[in-house]
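In the form predicted on its own, a lone chain appears below as structure tokens.
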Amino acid sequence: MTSTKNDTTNEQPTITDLLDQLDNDPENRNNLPDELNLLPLREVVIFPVLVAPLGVGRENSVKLVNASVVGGNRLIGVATLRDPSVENPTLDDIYPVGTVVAIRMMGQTSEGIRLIVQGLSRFRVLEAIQTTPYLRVRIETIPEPEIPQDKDTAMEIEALRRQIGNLFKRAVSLSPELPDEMQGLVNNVEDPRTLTDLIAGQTPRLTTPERQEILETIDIQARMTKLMELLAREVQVLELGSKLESQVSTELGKSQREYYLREQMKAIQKELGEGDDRTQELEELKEKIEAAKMPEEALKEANRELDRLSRMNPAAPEYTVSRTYIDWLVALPWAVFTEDNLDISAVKEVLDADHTGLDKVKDRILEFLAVRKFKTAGTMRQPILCFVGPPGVGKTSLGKSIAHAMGRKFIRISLGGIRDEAEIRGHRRTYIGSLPGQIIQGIRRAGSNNPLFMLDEIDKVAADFRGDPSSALLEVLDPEQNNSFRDHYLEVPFDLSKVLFITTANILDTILPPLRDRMEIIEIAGYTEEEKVAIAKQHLVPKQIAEHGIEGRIEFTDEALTQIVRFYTREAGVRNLEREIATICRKATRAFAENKLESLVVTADQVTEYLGVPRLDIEEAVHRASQPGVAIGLVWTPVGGDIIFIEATAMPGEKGFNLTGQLGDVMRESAQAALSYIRGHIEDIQAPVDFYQKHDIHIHVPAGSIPKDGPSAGVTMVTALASLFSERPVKPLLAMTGEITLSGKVLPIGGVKEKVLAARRAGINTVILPERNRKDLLEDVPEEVRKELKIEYVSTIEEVLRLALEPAPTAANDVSTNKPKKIKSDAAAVA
């Protein structure tokens, strides 16, 4: 290998020659080049003779190493950065004295290059001759000073060497970071210069500036004196630590190492005059417990746990459990509550502004506040309300509105799909990661002990091997018990009697009967067409206009909203209505963005332009029920009321009877009862006496993929069979509902409001209801709907057939020809 030196080309010794030369004669350091690539080091000082590992990761440093190994003599200069945070150092950022090192080994890793280097000689940087891509400098090699030969100086150096050796041996015996084998270094190395450099490089707790100071100290006596001072300080620190360790070890067992380390820290803080953080922490917890104003039982438990915490090992797993438990106790609002807004008029205004309709719910809340306004003394039991209705009618948003009107905090949790009882009552503290249940967590989030707590979808709670959450809710929702609700995690009673609980459900059948008995059921059946238009005008349209950022540029007419309600949505709530309004707003926003429109007034004609052809045909009832054997029934579903078509047909055969449409057992029994009644009164309906003997009968309820059940389709099946047997079609736009008996009686049914509203949405103008449902209609169905529909009340099947069937034709059809009736079988849209 060659190197340029003093403008001439001289043959330089190889790295092997240099190392062998240095190994045989350490004094010979005159063959080192005077120009070297300079590698900056962060917080590392390498001394001559010392073998040390280095990691190289910066791109420029990698280039430097590769150039030195591939095209150089494997010699580089290393110097320490003054500030280790500097990313692109210059010569001014580096200490002027460094070490010439030889690269003994080099390996490639995922993080860069790993080197094993050996220090050769000190050097001083004279000038930089290259700055990119890496530093290359001109250096002056600093030779090791000669050891004085005069007797006095030699004795002084020997005394320093022995003192440094003794201090280093003591440091090795006290320090856990240095292996005992390092003590042999003192006996094996006699040269005081080499020994000083080796000990300075091996002592672990010296700072980088202290190591650099020793490196820059050339005079051997001054260098050894500086190292002796640093070693003496280190030995004093280690001896103090050993003393503290002895004091602590007398108080602790050998197995409590982690606790011992913390006690050692306390002893150090005591020596330094610092405060005890743990004592301060316990005092803060004690103050929080006193400020929480807990009831007596909870206060007693908190103080007991605090006393246990003060005597517990902070490193023990139980310490964190106890600390978390106390934090939960002090965080609960035991004595924090909000004042109810008892201004009945103001509350009514808020409720009316937030929701259109829903008068029954609003009246119940106003009644509760009115009673509370007069009952000022003592406590008042909070009602447990349950809003039952199809999706989209505003059950959840109504809870928020009530909380806002009353001035209470609002907390909502969804119970849909919850299967673990611990979600309600919490986990016991014996479990890892245990927490209180959702009830206590909600109270903590609310920050008051009388929030409005909404339990959404209570009808969808399920049970499995982890318990039944519905059973856990019995205590929560029982006004007689919830004043002392015990969460499994807290294990102390918390008063829930001040909480106003509101639950929501789509259906009541799946709610546990004892749980249903504890709640006051308020049914929200759905909205009329007029109510939907009003809701759209007051709430949905302004909301969607604001969300699309087109305030003042679009307006919806009443006719347009009516068109959307009537021909594009068929639902009890208003969710789909809001989606259709949002669709129009999006399309209008795009037109505004493309400068096709400046403003827009949405009319009925433009609704078709933006939403396409109407999806619902209100004339469907006329088309599908225009022939004998087809009747329209009214049904209730979890998402509101709907109409259903029941189709009957006959074919040549002998008294066969078939039912299709995925019917439940109750509905099949209703069909059997209807057939039996028709066979027993075949002459009364003016049908051939031998019709059943010569035909097979098939009853089908379209939308066969949807399960159907219930007794209220009885009158519809009787009417369909009577229409088929007598060949008299059912009157147009007529729907019916009611349960039948074999004796010909019509029994009452449920869901009157939902069914009547469904009939109106489908364009029906005449509805047949059981007489005993007259009171339900007057109470639940709005007056404008009753005026628009013709309601017929019946008590017997004879009345149903008289009202439903067309008059008998003057010339009776010949039904003895055994011709099958061709009945249209379109799929019914059943929700």
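Quick note: we count residues from 1 along the sequence shown, nothing fancier. Just so we're clear, the structure is a prediction, and the values are computed from it rather than from any experiment.
The next section is about a form of this same protein that is not shown, the form predicted in complex with adenosine-5'-diphosphate (ADP).
For the options 635, 406, 535, 215, the residue carrying a heavy atom within 4.5 angstroms of adenosine-5'-diphosphate (ADP) in the predicted bound form is 535.
Only one of 355, 516, 429, 681 comes within 4.5 Å of adenosine-5'-diphosphate (ADP) in the predicted bound form through a heavy atom, and that residue is 355. With respect to adenosine-5'-diphosphate (ADP) in the predicted bound form, the three residues 308, 325 and 327 uniformly fall beyond 4.5 angstroms at the level of their nearest heavy atom.
This chain is displayed without adenosine-5'-diphosphate (ADP), yet in the predicted bound form the stretch 535-543 from 113-121, 734-742, 535-543, 493-501 comes within 4.5 Å of it by heavy atoms. In the predicted bound form, adenosine-5'-diphosphate (ADP) sits beyond 4.5 Å of every heavy atom of residue 420. Residue contact with adenosine-5'-diphosphate (ADP) in the predicted bound form: residue 392 places a heavy atom within 4.5 Å of it.
Residue contact with adenosine-5'-diphosphate (ADP) in the predicted bound form: residue 650 places no heavy atom within 4.5 Å of it.
In the predicted bound form, adenosine-5'-diphosphate (ADP) lies farther than 4.5 Å from every heavy atom of residue 589.
Using a 4.5 Å cut-off on any heavy atom, the one residue of 512-532 that reaches adenosine-5'-diphosphate (ADP) in the predicted bound form is 527.
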